[in-house]
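Taking the form predicted on its own, here's one chain by itself in structure tokens.
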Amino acid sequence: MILNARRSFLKSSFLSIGILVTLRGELFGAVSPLETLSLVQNDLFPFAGELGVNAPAYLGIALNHSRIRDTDKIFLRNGVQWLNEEALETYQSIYSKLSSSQRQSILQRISQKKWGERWINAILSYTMEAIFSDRVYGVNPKDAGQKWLGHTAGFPRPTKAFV
């Protein structure tokens, strides 16, 4: 029982622990994986924020939810590390410290790699889920995605969040 509690604690606390990135002894900064994922979501689909959808919050819910497979969570978190490694290799700075055009360049570079294509697809999938989610999840309070597409949600609507 204690072992399971410890594992749960370690899994859920990963996002709140800042990642220190260094190169040749120089500290580039501390940034949490969720902050990087939020920036990537905005770089991939900035329209979500313009719609008033809090896609990073939805991703945070998913990364801490028991219904999401651990392998999926680990892949998303590892992707942040790989993304930062690619940014360091290319621009000698972590992803969050790059200019917008440099970040786009890094995203294009990793999209050519198998892991990068899968990782970007996963992030876009969670972003789309947030955009079209019911307001019960708290990230799309005005049903912006449905209105954007001119879609009327079916009934009955959910009464509680499943993810």
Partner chain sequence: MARAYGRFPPPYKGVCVKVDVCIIGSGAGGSPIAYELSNAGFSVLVLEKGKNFTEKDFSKDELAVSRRELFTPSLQEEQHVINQKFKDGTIERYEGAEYNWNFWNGSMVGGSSNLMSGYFHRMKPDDFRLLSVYGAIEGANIVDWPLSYGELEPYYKKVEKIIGVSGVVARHKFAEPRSSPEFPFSALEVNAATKWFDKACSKLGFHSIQTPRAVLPYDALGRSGCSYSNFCGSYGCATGAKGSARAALLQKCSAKIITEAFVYRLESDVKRVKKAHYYDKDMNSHEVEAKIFVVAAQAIETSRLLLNSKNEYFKNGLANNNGQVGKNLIFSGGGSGEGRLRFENLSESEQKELMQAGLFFNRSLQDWYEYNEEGRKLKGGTIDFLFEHANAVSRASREFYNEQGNIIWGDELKNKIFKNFTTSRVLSFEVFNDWLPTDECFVSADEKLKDKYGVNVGVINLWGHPQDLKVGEHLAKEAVKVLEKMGAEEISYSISASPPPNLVAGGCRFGENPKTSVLDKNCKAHELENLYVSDASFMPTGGSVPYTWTIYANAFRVADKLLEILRKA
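Residue numbers count along the first chain shown, from 1. Remember, predicted model here, so these are calculated numbers, not experimental data.
As for the form predicted in complex with the partner chain, it is not shown, yet the points below apply to it.
Using a 4.5 angstroms threshold between heavy atoms, residue 142 stays clear of the partner chain in the model of the complex.
Interface residue remark: residue 101 is not counted as part of the site for the partner chain in the model of the complex, having no heavy atom within 4.5 Å. Using a 4.5 angstroms limit between non-hydrogen atoms, residue 38 is distant from the partner chain in the model of the complex. Heavy atoms of residue 115 never reach within 4.5 Å of the partner chain in the model of the complex, leaving it off the interface. With contact defined as any non-hydrogen atom lying within 4.5 angstroms of the partner chain in the model of the complex, the contacting residues in 135 to 158 are 137, 148, 149, 151, 152, 153, 154, 155, 156, 157, 158, given in sequence order.
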